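A single chain, nothing else alongside it, follows as structure tokens in the form predicted on its own.
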Amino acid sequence: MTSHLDGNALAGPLSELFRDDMTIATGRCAHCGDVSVLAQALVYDAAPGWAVRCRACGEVLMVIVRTGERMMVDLRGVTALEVPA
């Protein structure tokens, strides 16, 4: 497996979709139930996007793909996403 970055690598791409800093958002893994901030996720940066894996079990939390003028996000590995008020 290739080396990974931490979830702070998501700050740029997620800022294009959400107005808040999503690296401090808390997510719950759909696979193991681990709850942690996205900054602690394992991020694999491979063009044209990013694969984001759970820090506890390694399962995929989300996939973000940028194609030209579009950005697509698959969040099926996250059962809850909470942004601090």
Partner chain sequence: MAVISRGFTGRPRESQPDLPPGQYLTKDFPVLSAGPTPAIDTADWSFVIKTETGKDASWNWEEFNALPKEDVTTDIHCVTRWSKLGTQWRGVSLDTLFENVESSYDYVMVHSYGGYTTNLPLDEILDGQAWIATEFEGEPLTPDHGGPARMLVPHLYFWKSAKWVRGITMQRDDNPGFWEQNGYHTNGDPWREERYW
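Positions refer to the first chain, counted from 1. Quick caveat: nothing in here was measured; it's all calculated off a predicted structure. For the two forms, the rigid core is made up of the largest set of C-alpha atoms that agree within 1.5 Å on superposition.
There is also a form predicted together with its partner chain; it is not shown, and the following applies to it.
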One residue of V37, A30, A56, V60 in contact with its partner chain, assessed in the model of the complex (non-hydrogen atom, 4.5 angstroms): V60
Hey, in the model of the complex, does L17 get a heavy atom within 4.5 angstroms of its partner chain? no
Would M72 show up as a contact with its partner chain in the model of the complex if we use heavy atoms at 4.5 Å? yes
I24, heavy atom within 4.5 angstroms of its partner chain in the model of the complex: no
Contact of V65 with its partner chain in the model of the complex (heavy atom, 4.5 Å): yes
Scan 36-60 and write down, in order along the chain, each residue with a heavy atom lying within 4.5 Å of its partner chain in the model of the complex. Y44, A46, A47, P48, G49, W50, A51, R53, V60
With the core lined up, does the C-alpha of P48 move 2 Å or more between the shown form and the other one? yes
